[in-house]
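Here we start with a single chain on its own, the form predicted alone, put down as structure tokens.
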């Protein structure tokens, strides 16, 4: 669990502005989290997260003062791109990234809550299925849905996953789950806030891939 706890997301300020630099720094470790699920099988998900982070980072680094928060990026791009927005730039990258973050959020919360298939308690299929349904399924066509179904059935055992999060150390399951809950405090608040911003700005797109 050290993997996530060593790179926690920041506590949001009262105005719920998400600072871009700390957000990108925290997100930069999520690909290593994906590796805990399976570095080869989950490579497409890892690549998508990394690609979207790269696009957002490029916009931020072009003018850190102007793009200090994610909200400022969306507002600036809306003004800059006019009718093309939100299907462009860092806005589009963040739209897809937040869905990946929601997947991770729901998956980890489901694991932490102890949701499982009672007949196969060491499998993670129930947790993956819940996360996928809550975050990505509606945006995926038949081909992508079947790809993710195959990935779900090839997911690691829960015990192996928790051991990977702990960087191979032997840690009691409940200790690891408690650290997941602590990680989720700031992580979930950040993800929920990004969703709220997209909703308020009407920046979400419903097309499928």
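Positions refer to the first chain, counted from 1. Since this is a predicted model, take the numbers as computed values, not measurements.
If you look for the form predicted together with a small molecule, you will not find it shown, but the lines that follow are about it.
When contacts are judged by a 4.5 Å heavy atom cut-off, residue 179 does not count as touching the small molecule in the predicted complex.
Looking at residue 58, you'd find every heavy atom of it more than 4.5 angstroms from the small molecule in the predicted complex. The small molecule is not drawn, but in the predicted complex it has no heavy atom within 4.5 Å of residue 134. Among heavy atoms of residue 37, some come within 4.5 Å of the small molecule in the predicted complex. The contact with the small molecule in the predicted complex, taken as any heavy atom within 4.5 Å, belongs to 104 out of 112, 76, 126, 104.
This chain is displayed alone, yet in the predicted complex one of 45, 184, 26, 162 has a heavy atom within 4.5 Å of the small molecule; that residue is 45.
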